[in-house]
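Take a look at this single chain, the form predicted on its own, given in structure tokens.
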Amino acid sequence: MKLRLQAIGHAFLGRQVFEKIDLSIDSGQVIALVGPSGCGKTTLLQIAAGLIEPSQGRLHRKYRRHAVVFQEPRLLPWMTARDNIAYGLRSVGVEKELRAKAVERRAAEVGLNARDLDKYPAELSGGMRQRVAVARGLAVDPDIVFFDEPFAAVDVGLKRVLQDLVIEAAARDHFSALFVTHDLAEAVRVAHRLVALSGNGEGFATDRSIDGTPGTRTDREVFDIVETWSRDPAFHELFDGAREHAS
């Protein structure tokens, strides 16, 4: 076990967001966290990542280092792509030569061209900036990565490419991950296990393993799982919210 959340609860401005959350993330396991808008998915991820303190409960961490990849790239605008990727490595004291090698390796893994590494964020497309953000997270060789809807703002084609990058990196580097998404098909593609937060603040509506392994499920298998779950009462809040948004 890399991380355990025990009886976690959180309130904001006097309103209880959720309570009595128990969740364990095992070594090498990718867990997708879904739920209707406003249920507290990002809040729970930020608690797990240590960015905010819970109102209730305890966290048990058994890992050395983690990384966070946000929905927005959050790159430092005065730094080049190269320096943004190296930022975490510098903060932990990795020497210059090793930083340079790590940056080039991670940049290549996420599909960045060498000529793009000396560009500033303003000179990069949105998709390229998100690739830099993923490379920055992976550069520190994290034991666990927290993904907060990292591909929500990119087009469908690039989303698929970036999902595959995460799947391949997790399998290769054996890191654990908590992956927040509003897209059930994305959850089924990238994760070993899925948990769904209830919209009424009462914890998880469901917690289940996903058949197969990330990267091996066919498009048809992903579609069939999502289609079956769309008729499952545990996901009614998620699908009803999507329908209301579409209307």
Partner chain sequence: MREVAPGLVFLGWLGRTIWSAWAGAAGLCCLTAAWQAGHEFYGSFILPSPLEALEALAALIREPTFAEAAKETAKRSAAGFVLAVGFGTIAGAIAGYSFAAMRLMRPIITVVLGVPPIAWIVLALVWFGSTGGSAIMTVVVAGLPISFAGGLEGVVTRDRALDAMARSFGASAWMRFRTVTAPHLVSYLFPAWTTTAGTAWKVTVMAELLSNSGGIGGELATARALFDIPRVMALIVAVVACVLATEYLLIHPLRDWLGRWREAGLPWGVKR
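Positions refer to the first chain, counted from 1. Nothing here was measured: the structure is a model prediction, and the numbers come from that model.
Just so you know, the form predicted in complex with its partner chain exists too; it's not on screen, but the next bit is about it.
Relative to its partner chain in the model of the complex, residues A171, D183 and F223 are all farther than 4.5 Å at every heavy atom. Contact with its partner chain in the model of the complex, defined as a heavy atom within 4.5 Å, holds for exactly one of A108, V92, V156, L98, namely V92. In summary, the region of this chain contacting its partner chain in the model of the complex, judged by heavy atoms within 4.5 Å and restricted to 65-73, 191-199, 27-35, 175-183, corresponds to 65-73. Using a 4.5 angstroms threshold between heavy atoms, G88 counts as touching its partner chain in the model of the complex. V140 belongs to the set of residues with a heavy atom inside 4.5 Å of its partner chain in the model of the complex. Taking non-hydrogen atoms only, R136 approaches its partner chain to within 4.5 angstroms in the model of the complex. Heavy atoms of A152 never reach within 4.5 Å of its partner chain in the model of the complex, leaving it off the interface. Along 104-121, a non-hydrogen atom within 4.5 Å of its partner chain in the model of the complex is carried by D118, Y120, in order along the sequence.
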